[in-house]
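Below you'll find only one chain, the form predicted alone, shown as structure tokens.
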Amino acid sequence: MSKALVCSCEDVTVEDIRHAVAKGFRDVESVKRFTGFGTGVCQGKSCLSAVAALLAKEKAQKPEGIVPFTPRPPLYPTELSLLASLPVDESKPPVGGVPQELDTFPATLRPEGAVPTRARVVIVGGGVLGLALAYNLSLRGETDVVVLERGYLCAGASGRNGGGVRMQWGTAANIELAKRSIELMGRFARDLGINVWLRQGGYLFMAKTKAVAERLERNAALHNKHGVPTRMLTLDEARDVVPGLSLKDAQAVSYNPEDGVIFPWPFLWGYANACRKAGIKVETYTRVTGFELSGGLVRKVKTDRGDISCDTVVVATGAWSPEVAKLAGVSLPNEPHRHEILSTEPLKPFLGPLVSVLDSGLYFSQSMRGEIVGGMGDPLEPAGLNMGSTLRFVSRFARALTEQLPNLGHVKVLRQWAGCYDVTPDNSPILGRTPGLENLLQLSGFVGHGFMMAPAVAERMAQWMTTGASDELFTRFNLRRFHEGKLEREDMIIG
């Protein structure tokens, strides 16, 4: 049987594009993620125009709404060894980055018609936390819910992360939440009808300094108390887990074989599809412009498609939460910090766990497609909503990666991108009621791990919202703790 290809790198056909449109993926960015076109070696140079023409022919969008997806550096596939050889001034902070992604999406992509004028619950933020909460509310009979997302699904941090999911944390609360989340991810396909490609190959943490080594050992003991089988490995045992790993300067290694990785994009789509089937409105390309307040409550959410009267509002906008909360006169201590990430050409499967050097924030894993996907924190990264990619990052990452896996020097980087961590002063989330605005609920501040905590946190938050039953999660991590000095510090943050 013949087929008409539009993307030869990823074997995407004309029928695949039509199928995506029929599924509701009608803008170029969403079609790219659903089909995989433009993610191969050519990075869209040979297929983008063909897909755009097909979307126009299928009348998937108005002509002015068919805009190219965001181009990603490098311009051409580039070997890690070459990138690692570039000089980096570690004394100066990173600046700029390309491309400078738009803060607002084209108005032509905004749906026609107004948003509903009334809903019991409005969730601001269509990332995995907001969608998972909406889904869990529907399971408890609450479907009068509207989810507002300023762009396409996967536009924010939920669609930009490396997909790591782990139980290795430094606090009992996060360990238990992660255990429950991974349990729910394991049955996601059965419950929500979409495969998120959960692969439990483990997490292998490496420490280069005595202080970090002691932290790994202390936390491994805590994990064991909570039933997580983390164990400290000798360096030879670590090399058995990851053949070829140099373990340069390693002083200690911890390993939990039950951690893993999932594919982020279908995770969001699964929740969004389930919400829509339950009757929940998921409104993309819809921006919140303000709130109407009176009597210590939020009465309306104002958007660029009309106002929504409501009983409860949830702020689940990650790194954008301070901006959104400010519209209601609420000051959050969160700060956005750029984190960069990249993907290489695909290789034959060889890497079981996600590996992280906790001292430097280096992490890397192998995706189900065979790519090496990894990132690395930058201690000099200034606060700010910056999602541009830098040569500095890719050079620092390439150097750190090939130090640990020297045989990857010949592997080529295909694309790099960035997202924003939502950083709080104690590296723990902000949950529950807002002092002074009791029906404005906070669901942010996860410092880059909201993606993996979403299933468990959303489950408990929906239970708390619909029953009114007390849950210490929403008092312990309340915004009030920063004023009272009751911080809940987490020390197993990568980067």
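Only a predicted model underlies this, so the values are computations on that prediction, with no experimental measurement involved. From 1 onward, residues are counted along the sequence shown.
The protein also exists as the form predicted in complex with a small molecule; that form is not presented, and the subsequent description refers to it.
Exercise. Taking 4.5 Å between heavy atoms as the contact cutoff, choose which of L184, C420, L245, V212 touches the small molecule in the model of the complex.
Key: The residue in contact is C420.
Quiz item: Of these, M167, V145, A272, V124, which has a heavy atom no more than 4.5 Å from the small molecule in the model of the complex?
Solution: Contact residue from the list: V124.
Quiz item: Should the three residues L358, R392 and F397 be counted as contacting the small molecule in the model of the complex, with contact defined as a heavy atom within 4.5 Å for each?
Solution: The answer is no: none of the three residues contacts the partner (heavy atom, 4.5 Å cut-off).
Practice problem: With heavy atoms only and a cut-off of 4.5 Å, decide whether E149 touches the small molecule in the model of the complex. | Solution: Yes, contact at 4.5 Å.
Quiz item: Is Y363 close to the small molecule in the model of the complex, meaning a heavy atom pair under 4.5 Å apart or at it?
Solution: Yes, Y363 sits close enough to the small molecule in the model of the complex that at least one of its heavy atoms falls within 4.5 Å.
Quiz prompt | Touches the small molecule in the model of the complex: Y135 (any heavy atom, 4.5 Å) | solution = Although the small molecule is absent here, Y135 would stay clear of it in the model of the complex, with no heavy atoms inside 4.5 Å.
Practice problem: Classify R72 as contacting or not contacting the small molecule in the model of the complex by the rule of any non-hydrogen atom within 4.5 angstroms, answering yes or no. | Solution: R72: no contact with the small molecule in the model of the complex.
Quiz item: Where does the small molecule sit in the model of the complex: which of 463-471, 440-448, 39-47, 61-69, heavy atoms within 4.5 Å?
Solution: Selected range: 440-448.
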